[in-house]
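The chain below stands alone and is given in structure tokens; this is the form predicted alone.
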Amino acid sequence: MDLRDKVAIVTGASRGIGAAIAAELAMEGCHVVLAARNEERTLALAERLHQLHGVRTLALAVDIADPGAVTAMVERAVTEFGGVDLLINNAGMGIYGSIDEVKMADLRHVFDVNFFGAIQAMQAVVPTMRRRGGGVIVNISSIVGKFASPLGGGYTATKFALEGASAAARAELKRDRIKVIIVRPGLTETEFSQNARVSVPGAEHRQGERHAPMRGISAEKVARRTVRAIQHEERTVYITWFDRLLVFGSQLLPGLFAWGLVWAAAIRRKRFEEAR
């Protein structure tokens, strides 16, 4: 797919993977609608991309958990650019807490952002893609959309749901020439863990701390691989071979992998219990 003069909406575009994807698209000559809650950062990035690459940009303050705001985002993009060719469903957030203790209000909010917000955006953008004869929807999932993440089961559940909906939509939208791409990053060096909700009773004060066990790959690497997948109209994308092997290992050796998850759960639980 030639990205020059195409129009893309990128959610969660103020930082991390979303900002990197927006920059990579602009570099390819794609006009970009940047949507995120942080209006100041989104505006600054939109202006910078316009100055650097000469593409048209539009910054919108959008809470992806608000269905009305998501619909308005797409309507504004259609009004300003005449239509939408690409939707990058990147907005997302994590949640820490065991399934038996996680607060339901926290879990529902994460589902609103990670799953329902993405589905709302898809529903809003499909009509304009149909009118333009096709398009591409990229749903940023995770490798934990394929296996469990101890004390991160709520986040895992949102990605399992997104994976299932994406696969169904891929088949349903094929006749409209709308492609659905699933991207499964592994650990990435962003502010994700700091922005995740801590739904562990007694450890809520650790909200905003870094909880990732190690440094991950750069957001720019995820962005480059994602844009290449769009250009070649791939179906499912892993960023590294390690990510791919981890997922395949969980499927080929489920017993051994389950033992590893129990071990990981004990380590993570101890860290949060010490904070209580």
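Remember, it's a predicted structure, so these values are computed and weren't measured experimentally. Note that residue numbering follows the sequence shown and begins at 1.
Here the subject shifts to the form predicted together with a small molecule, a form of this protein not shown in this document.
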**Prompt:** Exactly one stretch in 32-40, 245-253, 48-56, 227-235 has heavy atoms within 4.5 Å of the small molecule in the predicted bound form; which is it?
**Reply:** 32-40
**Prompt:** Quick one: in the predicted bound form, does every one of S142, P185 and F192 get a heavy atom within 4.5 Å of the small molecule?
**Reply:** yes
**Prompt:** Among A77, A121, V138, A91, which has at least one heavy atom within 4.5 Å of the small molecule in the predicted bound form?
**Reply:** A91
**Request:** Answer yes if any heavy atom of I17 is within 4.5 Å of a heavy atom of the small molecule in the predicted bound form; otherwise answer no.
**Result:** yes
**Contact of I9 with the small molecule in the predicted bound form (heavy atom, 4.5 Å)** = no
**Asked** Should V62 be counted as a contact of the small molecule in the predicted bound form, where contact means heavy atoms within 4.5 Å?
**Response** yes
**Asked** According to a 4.5 angstroms non-hydrogen atom cut-off, is Y96 in contact with the small molecule in the predicted bound form?
**Response** no
